[in-house]
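Next up: a single chain in structure tokens, the form predicted alone.
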């Protein structure tokens, strides 16, 4: 057994425990508190297993998608969660997250540093069917939360339907079926008064 390798892996495991303290603007579905990044990533992993049949391509590598959704927000330990409707924050997000990826993934042994970094980059670039599907789920999940909390985070942050349509339209690139569902959910949210025009 390689003791140094194991120590680096354990150091990373300890470091990513901090992700449990990164709160998102999204509320959990009972509306009792904000969701944290670990809960979000776990939810996406389960959604991958349940909804992979709706991916843009008939056959995708499900395990690869699960890996991406589990690591895609690790950088937020250093960079923080940037609210998706915060235009100024979005401009600075990429720089903050790249710096965080450099530090956090370098804790791992070199082969795993490269592997995790490659997965994170793939998710960010959205060039593969797996990355597009992962990104679709990443947008669908908060839509579900907002719908089932009667638009609480939307209203709290003055989010409009135009903003929601614009931010979530890339769901279609990973799953036309899930985009149809998402559009219907947004329209229903408008009709029910959860989401202002």
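Between two forms, the rigid core is defined as the largest C-alpha subset superposing within 1.5 Å. Remember, it's a predicted structure, so these values are computed and weren't measured experimentally. Positions refer to the first chain, counted from 1.
Form predicted together with a further copy of the same chain: not shown, discussed below.
Interface residue among 30, 156, 58, 162, judged by heavy atoms within 4.5 Å of a further copy of the same chain in the predicted complex: 30. Using a 4.5 Å cutoff between non-hydrogen atoms, residue 178 counts as a contact of a further copy of the same chain in the predicted complex. At least one heavy atom of residue 19 is located within 4.5 Å of a further copy of the same chain in the predicted complex. The shortest heavy atom separation between residue 53 and a further copy of the same chain in the predicted complex is within 4.5 Å. Although the partner is absent from this view, residue 70 contacts a further copy of the same chain in the predicted complex, with a non-hydrogen atom inside 4.5 angstroms.
The three residues 41, 47 and 74 all sit with a heavy atom within 4.5 Å of a further copy of the same chain in the predicted complex. Once the rigid core is overlaid between this form and the one not shown, residue 56 counts among the residues whose Cα shifts by 2 Å or more.
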